[in-house]
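First comes one chain, alone, set out as structure tokens in the form predicted on its own.
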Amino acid sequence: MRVTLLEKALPPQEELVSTATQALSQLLSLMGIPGQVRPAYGGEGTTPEEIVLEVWGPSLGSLIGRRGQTLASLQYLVNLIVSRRYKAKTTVSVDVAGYRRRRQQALRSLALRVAERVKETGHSITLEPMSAVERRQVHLTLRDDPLVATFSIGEGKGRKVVISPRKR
């Protein structure tokens, strides 16, 4: 019987966290960026099963990159390393100096403000292009609002969220 990546059992959570922490620390070292990596448990919007690693240290702006692109790439590499090691799909979130947490809060606030404007004017509003993770945050923030609907338009890096009045 052939075992696919998704069928293989994962090791205990502590082992995954340790492996991910070591991988991220080694990547930072190879990049010449001083920083401490530590696991974050029970953060806002996370479940106990999620692995979240926080990086703290001086001058970490280059690690975040423009609009979080370098951070997204770093997170991809950590997930690739851990997934290959255990031959199973893993999801590790990487946050640098609280950037992701602040960005999520800013996106929630933006979504709520724009939704209020849509309700007042009755006109749809298109947001700036966003990553899939950021678009998802906007969709989730407004999913229970009975007066507005959200959907994505565009392709690739130009994909945007549209917030519009919900049809009755």
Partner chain sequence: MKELIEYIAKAIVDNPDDVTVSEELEGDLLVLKLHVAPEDMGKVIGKQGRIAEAMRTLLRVVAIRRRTRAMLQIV
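Positions refer to the first chain, counted from 1. Small disclaimer: the values here were computed from a predicted structure and weren't measured.
Keep in mind that the form predicted in complex with its partner chain is missing from the display, and what follows is about it.
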Discussion item. Considering non-hydrogen atoms and a 4.5 Å limit, which listed residue (36, 26, 124, 105) is close to its partner chain in the predicted complex?
Written reply: 26
Worksheet item: Any chance 131, 152 and 154 all have a heavy atom within 4.5 Å of its partner chain in the predicted complex?
Response: no
Response to the item:
Only one of 59-67, 131-139, 108-116, 95-103 sits within 4.5 Å of its partner chain in the predicted complex by heavy atom distance, namely 59-67
Worksheet item: Might residue 91 be said to contact its partner chain in the predicted complex, defining contact as any heavy atom within 4.5 Å?
Response: no
Worksheet, complete the sentence: Contacts from 63-83 to its partner chain in the predicted complex (any heavy atom within 4.5 Å), listed N to C, are 69, 70, 73, 74, 76, 77, 80, 81
